[in-house]
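This text opens with one protein chain seen in two forms, each one given by itself as structure tokens under the names structure 1 and structure 2.
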Structure 1
Amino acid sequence: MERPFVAHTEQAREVFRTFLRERGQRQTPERFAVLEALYHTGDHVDADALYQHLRDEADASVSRATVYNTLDLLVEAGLATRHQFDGSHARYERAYAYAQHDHLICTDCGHIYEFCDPRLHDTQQMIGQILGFAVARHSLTLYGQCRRDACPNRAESDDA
């Protein structure tokens, strides 16, 4: 049922190893534990969720400071993506071997869906041309109401 991401964890670890070595930074068990935790949770998690996971479910004990520190490294290494959806705090998502995609969030239940529209790439290029920009990346999030039965506020909406 789940996407097979286990294999990618192995490769991500390798990438991280190389990344750290090249930058002359240390390969500590804590850093790999954070990487593992992120790749294990195939979701959009915040730093605290990872901290909790590491603290409770994994045997690794990593401080919050280290979680934040390592997440920054992972983002720099291209192994994680940082999102800041509307009103909330930072959330992270594994990035190795996962194609660039965007998000669709239900304003009722908070559920996050992913999608990909190739036309966005055109938009990105075109706007860059027009405004004289070297556009490196984009962040698109759609907000709306999903139609899941499980969605808490589902019934309330008038389906006009």
Structure 2
Amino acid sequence: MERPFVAHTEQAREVFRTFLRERGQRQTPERFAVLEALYHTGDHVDADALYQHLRDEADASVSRATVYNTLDLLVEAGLATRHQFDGSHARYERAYAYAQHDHLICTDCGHIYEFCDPRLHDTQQMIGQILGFAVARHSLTLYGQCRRDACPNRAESDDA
């Protein structure tokens, strides 16, 4: 897994600690290991890949059920976002202190590109005003074919 610089992990830990305390739930090392692993990946990760990483690379004794349950808690706490791209299994990404962004997904190789366009925020606010709707967030996913030279599944006849 990629391990980019993560400036907000400690703040996310504090938010999670408060979230668990307010709900009377236990603050276990395993739950925090899941949080740490998610916040140290630069990718959209599924629960099984996160479990595998914790077991193999982080040397953490975390059960698969704990990973799934903790990811649900992180989503509820606003610390993670769950995506269901094109009917596939759920993928997660960190959410605390990260800007709203949208996704482009290559239908050939599955590569996920992130992008942010402030005009989308303006459009969502305008539509909310027109319809009398308080928009809290949005999700936009575009599907197509990437033009990366390294796209492993692009058909031979496709022009780059």
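Keep in mind the model is a prediction, meaning the values are calculated, not measured. If you superpose the two forms and keep the largest set of C-alpha atoms that fall within 1.5 Å, you have the rigid core. Here, residue number means position along structure 1's sequence, counting from 1.
> Out of structure 1 and structure 2, where do we see the form predicted together with a further copy of the same chain?
The chain shown as structure 1 is the form predicted together with a further copy of the same chain.
> Can a Cα shift of no less than 2 Å be assigned to residue 138 between structures 1 and 2, given superposition on the rigid core?
Yes, its C-alpha moves 2 Å or more.
> Taking the rigid core as the superposition reference, indicate whether the CA of residue 111 shifts 2 angstroms or more between structures 1 and 2.
Comparing the forms between structures 1 and 2, which are aligned on their rigid core, residue 111 does not shift its C-alpha by 2 Å or more.
> Does residue 126 show a Cα shift reaching 2 Å between structures 1 and 2 after rigid-core superposition?
Where the cores coincide, residue 126 still shows a C-alpha shift between structures 1 and 2 that is 2 Å or more.
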